[in-house]
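As a starting point, one isolated chain is supplied in structure tokens, in the form predicted on its own.
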Amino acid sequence: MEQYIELLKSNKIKVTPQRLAIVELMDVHGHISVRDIFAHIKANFPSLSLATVYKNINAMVESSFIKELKIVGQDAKYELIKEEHSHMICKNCGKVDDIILETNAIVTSASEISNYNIDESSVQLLGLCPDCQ
């Protein structure tokens, strides 16, 4: 719990029980939608609204310690920012897994071909997870 308190404080986010619950869920689940966060913590915070969860998530995204993962055909998912990684996404069940890939060559090549100055990239690989194969 202390690590979550420090994470919020170090990102200048006021520590509240609801925000602690949100950060803990992200840490445990990895990739989670706002609706799933709301469903998990609603029992412990009966007066909590979905709008409040969205507001808290947006504040955390703006503070750059959580990241939004947009997946075609799914609600956006959120995760704590950690080392650079890509995502494996199951087209059947929607499961999202992290995978560490060396993407420097792709970014360099894309920059050379397009003349873009690339400062951020995101790689999503879609297929069937082992459980759905």
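Given the structure is predicted, the values throughout are model-derived calculations rather than measurements. The first residue of the shown sequence is 1; numbering continues from there.
Although not depicted, the form predicted together with the DNA is the subject of the following passage.
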Can you say which of 96-104, 49-57, 24-32, 80-88 gets within 4.5 Å of the DNA in the predicted bound form, counting heavy atoms only?
-> 49-57
Would residue 16 count as touching the DNA in the predicted bound form under a 4.5 Å heavy atom rule?
-> yes
